[in-house]
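Single chain ahead, written as structure tokens, the form predicted on its own.
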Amino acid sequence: MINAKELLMEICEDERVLDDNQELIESGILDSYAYIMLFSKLDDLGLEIQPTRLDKSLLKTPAGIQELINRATKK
């Protein structure tokens, strides 16, 4: 199982990502570079997620990103 918090820690190097409800975008933790890195790493792990076709609200928190990952792994 792919763990969103582990990926975010690797990409963002910020312990705030360990909080499921941490606002990632407004806080600046998930900036444009981190956003690209996240989708690149997910692709490397075999998950094809189209950023233009997803519910953007799922990118706001680590819990939302985990939900996105969970949905993609069920396909």
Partner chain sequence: MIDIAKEILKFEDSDNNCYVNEENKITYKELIRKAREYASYLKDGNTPVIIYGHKSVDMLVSIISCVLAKRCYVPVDTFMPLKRLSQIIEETKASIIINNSENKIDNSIKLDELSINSDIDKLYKDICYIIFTSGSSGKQKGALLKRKNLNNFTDYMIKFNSKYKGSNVLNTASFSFDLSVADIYFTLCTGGTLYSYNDSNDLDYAFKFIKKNNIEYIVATPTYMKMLILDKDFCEKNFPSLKCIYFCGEVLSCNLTDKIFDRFPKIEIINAYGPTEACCAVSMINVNKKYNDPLPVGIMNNLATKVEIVDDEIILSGDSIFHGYINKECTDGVYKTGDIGYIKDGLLYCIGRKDLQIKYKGYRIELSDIENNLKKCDGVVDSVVIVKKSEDTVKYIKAFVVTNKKDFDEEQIKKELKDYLPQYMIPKIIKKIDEIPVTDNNKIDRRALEDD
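Residue numbers count along the first chain shown, from 1. Everything numeric in this text was worked out from a predicted model, so none of it was measured.
What follows is about the form predicted in complex with the partner chain, which we do not show.
Colleague: For Ala63, is any heavy atom within 4.5 Å of the partner chain in the predicted complex, or not?
Modeller: No, Ala63 sits far enough from the partner chain in the predicted complex that none of its heavy atoms falls within 4.5 Å.
Colleague: I'd like to know if Ile11 sits close to the partner chain in the predicted complex, meaning any non-hydrogen atom pair within 4.5 angstroms.
Modeller: Close contact exists here: in the predicted complex, Ile11 approaches the partner chain to within 4.5 Å, heavy atoms only.
Colleague: Heavy atoms within 4.5 Å of the partner chain in the predicted complex: does Leu45 have any?
Modeller: Result no; Leu45 lies far from the partner chain in the predicted complex.
Colleague: If you apply a 4.5 angstroms heavy atom cut-off, which residues in 1 to 36 are near the partner chain in the predicted complex?
Modeller: Contacting residues: Glu10, Ile11, Cys12, Glu13, Arg16, Gly28, Ile29, Asp31, Ser32, Tyr33, Ala34, Tyr35, Ile36.
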